[in-house]
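Coming up is one lone chain in structure tokens, specifically the form predicted on its own.
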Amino acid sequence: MSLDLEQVALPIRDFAQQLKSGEREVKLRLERAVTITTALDHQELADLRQKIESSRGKVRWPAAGLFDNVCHSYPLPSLPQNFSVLAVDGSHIEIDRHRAIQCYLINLGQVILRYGEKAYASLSNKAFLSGKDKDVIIDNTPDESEEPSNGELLNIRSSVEECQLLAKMAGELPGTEPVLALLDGTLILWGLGRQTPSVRQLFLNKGLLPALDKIKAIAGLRQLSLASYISSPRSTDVVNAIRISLCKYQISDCSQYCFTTESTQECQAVGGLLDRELFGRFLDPGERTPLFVSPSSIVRNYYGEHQVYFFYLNVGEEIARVEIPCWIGEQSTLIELTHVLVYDQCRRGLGYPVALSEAHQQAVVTMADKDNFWRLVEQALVDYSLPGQESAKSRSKQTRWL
């Protein structure tokens, strides 16, 4: 039986009504946030930076590190005459424990677009199948349980594979023109915070960080920038920094000052806002914000010299979040290159980077692809006279009983 939409039609309308009734409150909070950010002078900004660092780990929400006034904007730089854009995106088929073979597939779409003289495009994909025990099950230390390479772990593995492929593409790209290497989503492997030390060791020290090292080395030989693009971001890192500025205590400590009182906290005056809502008030199309420092504890604890900076960019269709390694952020020419090429990609791609859109099309795995994949697996078992019986649950779900 399919979903009975009549059962959810009324709750959906209730959600919409609640959003409509909350519009005025959102506007008031947004005006308050704008007033605070525009009023910060140089000394107040320095004091806020210190307060954010002193309060880190003591507030309930992560706050971005600041370099410049939040409301400062940077105009669009000039577009190079010749440049290339590399992009990688991934999709996967997870392990199905009801199948006879425990395996997974990662499909990576890769795109090379060269603009200017001798323009060309290269679109392709690479599929990686793994059914080896060492890949399907991650062996931890004796005091840790084994981890199946599925769900969150497979998402992490796919992200690492994407960065490794991007590093390989950058190393093999001929020519001397400027290059932007693009990933979809975040540079931060958020899921690692819930993993064991040996899993973090596997995916960071033996995966992501060496790939970033390679890209950094290439950037030392030619003008190359690495960035990840987040469409419609729901981050509140910068708004949270403003919340800390409203706290009346010298060091913001939620557990000490706020959980023992029923009074309304001052920081709630801007709570609930998204960063993109705030910067929609400051940025014209093509403009970006200053750089901010990611407050992620995963990045601070494990990324070493690849700490993550980010900025927001008005691409015309939306306010997007762009993340870069700190060594990109420390070079003005690479920041400007990232700024103008990301915007140019969005302009060519109807509000979203065209290279990432094409990489997605190369990578996507449809439901029909999944069905055909498992049929191919089952046929291989038959061809080699191997037991290929799926679980009783799997067979039952394919049969109508009533």
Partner chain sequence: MLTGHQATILNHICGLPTVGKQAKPKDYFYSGICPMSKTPVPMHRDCPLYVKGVSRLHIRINKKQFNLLSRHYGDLKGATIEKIGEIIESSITEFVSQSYELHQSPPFGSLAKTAIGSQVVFAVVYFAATLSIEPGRKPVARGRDETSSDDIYRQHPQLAQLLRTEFHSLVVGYSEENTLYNYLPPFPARIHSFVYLCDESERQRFSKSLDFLSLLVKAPQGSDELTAACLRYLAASKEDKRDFLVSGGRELSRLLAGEPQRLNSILKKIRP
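Just so you know, these numbers come straight off a predicted model, no measurement behind them. Residue numbers count along the first chain shown, from 1.
Another form exists, predicted together with its partner chain; not displayed. Remarks below refer to it.
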(message) Taking 4.5 angstroms as the heavy atom distance cut-off, pick the stretch from 224-232, 93-101, 107-115, 322-330 that is near its partner chain in the predicted bound form.
(response) 107-115
(request) Work out which of T38, N372, S54, Q361 lies within 4.5 Å of its partner chain in the predicted bound form, going by heavy atoms. (result) Q361
(message) By the heavy atom within 4.5 Å rule, which residue out of R29, R49, K58, R348 makes contact with its partner chain in the predicted bound form?
(response) R348
(message) Test of understanding: in the predicted bound form, would A121 fall inside 4.5 Å of its partner chain by heavy atoms?
(response) yes
(request) May I ask you to state whether V340 is within 4.5 Å of its partner chain in the predicted bound form, using heavy atom distances? (result) no
(request) Considering only heavy atoms, tell me if V377 and its partner chain come within 4.5 Å of each other in the predicted bound form. (result) no
(message) I'd like to know if V354 sits close to its partner chain in the predicted bound form, meaning any non-hydrogen atom pair within 4.5 angstroms.
(response) yes
(request) At a 4.5 angstroms cut-off on non-hydrogen atoms, which residues of 295-321 are near its partner chain in the predicted bound form? List them in order. (result) none
